[in-house]
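Starting off, we have a lone chain in the form predicted on its own, written out as structure tokens.
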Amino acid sequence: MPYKMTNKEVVLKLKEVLAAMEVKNLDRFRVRAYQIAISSIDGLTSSVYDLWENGKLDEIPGVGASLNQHLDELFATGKAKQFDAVMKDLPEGMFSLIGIRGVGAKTAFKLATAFKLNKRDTAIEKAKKAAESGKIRVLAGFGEKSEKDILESIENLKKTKQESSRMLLYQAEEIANRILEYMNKFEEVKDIKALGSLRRRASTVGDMDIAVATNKPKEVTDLFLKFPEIDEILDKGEKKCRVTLKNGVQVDFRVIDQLSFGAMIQYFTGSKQHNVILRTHALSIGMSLSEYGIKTGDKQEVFSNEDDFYKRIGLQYIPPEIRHGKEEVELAARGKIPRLVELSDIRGDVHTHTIASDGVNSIKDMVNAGIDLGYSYIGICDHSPSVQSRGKYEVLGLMQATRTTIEQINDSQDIIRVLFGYEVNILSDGTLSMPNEMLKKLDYCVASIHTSFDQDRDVVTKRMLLTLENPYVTVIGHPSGRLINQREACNLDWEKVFESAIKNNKILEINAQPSRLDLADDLVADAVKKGIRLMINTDAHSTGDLKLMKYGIDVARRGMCTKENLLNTLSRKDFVDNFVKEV
């Protein structure tokens, strides 16, 4: 009998095997293969179990013949002999500690060995008690700070797990697109939209809401219930049904007639606070709102589109991205909602990586991809080579070789201007990983925090301020350092950071990587009000990543950005004049 496992369960099992490999110092190529497979499966929006049933495991990046065989055994029997062999002789409790933020495989092994954590179900509680009693700090390789960090991570573990249950925006979008593509095949479907936090383009999405306009509600509901990814029907009524998909995502599916579709999609787009403020506004002018329309006295008006719905209550149309329940209704009442930035406004991307660091494509490949997107400029911005390990003259040679390649591309065409920059690390003391004498040879510099994210507020803020004061830094990359569902943002004093950015004329990045989306939209909104220079970059590590720009646009729109707030909406000449460093 097959053992049905969710994607999360498979990822957890592979992470445990990977941890065992790292503790036992097994072949690094094998370790890397498992890391790629874990990342691929973790990002799937379809069921890995379904792929196994259909003999398609080899379509998952990183799942080669060997791992394919082990997963086949896992799904068929509930166990994989090779997995068990790798994990043999290791204390069981270490695997419970792997999920704690900041605790890697070898740290988990040390703790489990030191405190005899041989049972999974008691390991975390015993580790917590050891930290509370000061027993971790005395272990070799630990200290008072690491003990405190472990204790805080354990205490925040429940919260972290709750946050991690929400999908990244791109994952939710992929699932919704499959549902919409399936439903749009049927002529009974006159219009269909994904609603809720997905339509508001929030960074994470929980359950999914789908609304359909139709004159045949029963037929359309029955068609939806035949969607092949549905695992279980939780509830079914005349105008609504609720299902769970095979990947564990819950979907609420609603149908309504075409004439009322506008009111329904407004109501279920939310947010709740936006709807509360909207209803309060409507009541003040003698109207009441619902998913079915607008009521004045005993008269019910229906609306097929949202524009007319908002107009009827005296408001400018409010884009879904800014329906936060903050100031949008007040602005709409005064006709002051600006034209928000759109993807078509973007003229270039300057945070891109190539095979010179951790990217997978060449400079030429990235430039050609930029041309295909209609860009006027693109910046090649690899991680800076290490002067400490390579030596000054080798690094200067690498820089000159890159400069020559870029100049040759620029001389050979006039479609796109290629710029030369580096992404440099902001070290724990606020210095940069590349000396100023080298930075001044670049067109620009993106400075980013990649380590020591958990420094206290004063220390990490001072670190950022030192960077903002450096005359050779152009952009602060992914400024808060957050990884959604994985790592919290640095505890920066944003008022001080914003003040310094203004004073030193620095640009803050909105990083479009779906796991970053950093700056977050609330900080973007604050930065816009203060007049801070912003730009959206993809942090692309491949040509395909350049298409992630749309997720940065989502963040910018949620932060009320217009094209005027973003530097990379400028024409080529204006951008180069405002961006390329001349110190």
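Numbering starts at 1 and follows the sequence shown. Every value quoted in this text rests on a predicted model; they were computed, and no experiment measured them.
Same protein, other form: the form predicted together with 2'-deoxyguanosine-5'-triphosphate (DGT), not shown, and the subject of what follows.
- In summary, the region of this chain contacting 2'-deoxyguanosine-5'-triphosphate (DGT) in the model of the complex, judged by heavy atoms within 4.5 Å and restricted to 189 to 197, 438 to 446, 371 to 379, 342 to 350, corresponds to 189 to 197.
- Using a 4.5 Å cut-off to 2'-deoxyguanosine-5'-triphosphate (DGT) in the model of the complex, not one of Thr214, Glu219 and Ser260 places a heavy atom inside that distance.
- When 2'-deoxyguanosine-5'-triphosphate (DGT) is considered in the model of the complex, only one residue from Tyr170, Phe453, Tyr310, Tyr267 comes within 4.5 Å through any heavy atom, namely Tyr267.
- For the options Lys299, Lys272, Lys185, Lys88, the residue carrying a heavy atom within 4.5 angstroms of 2'-deoxyguanosine-5'-triphosphate (DGT) in the model of the complex is Lys272.
- At a distance threshold of 4.5 angstroms between non-hydrogen atoms, Asp209 is in contact with 2'-deoxyguanosine-5'-triphosphate (DGT) in the model of the complex.
- Although the partner is absent here, Arg166 is a contact residue: one of its heavy atoms lies within 4.5 angstroms of 2'-deoxyguanosine-5'-triphosphate (DGT) in the model of the complex.
- Although the partner is absent from this view, Arg279 contacts 2'-deoxyguanosine-5'-triphosphate (DGT) in the model of the complex, with a non-hydrogen atom inside 4.5 angstroms.
- Interface residue remark: Val205 is counted as part of the site for 2'-deoxyguanosine-5'-triphosphate (DGT) in the model of the complex, having a heavy atom within 4.5 Å.
- Shown without its partner, the chain has no residue in segment 356 to 374 with a non-hydrogen atom within 4.5 angstroms of 2'-deoxyguanosine-5'-triphosphate (DGT) in the model of the complex.
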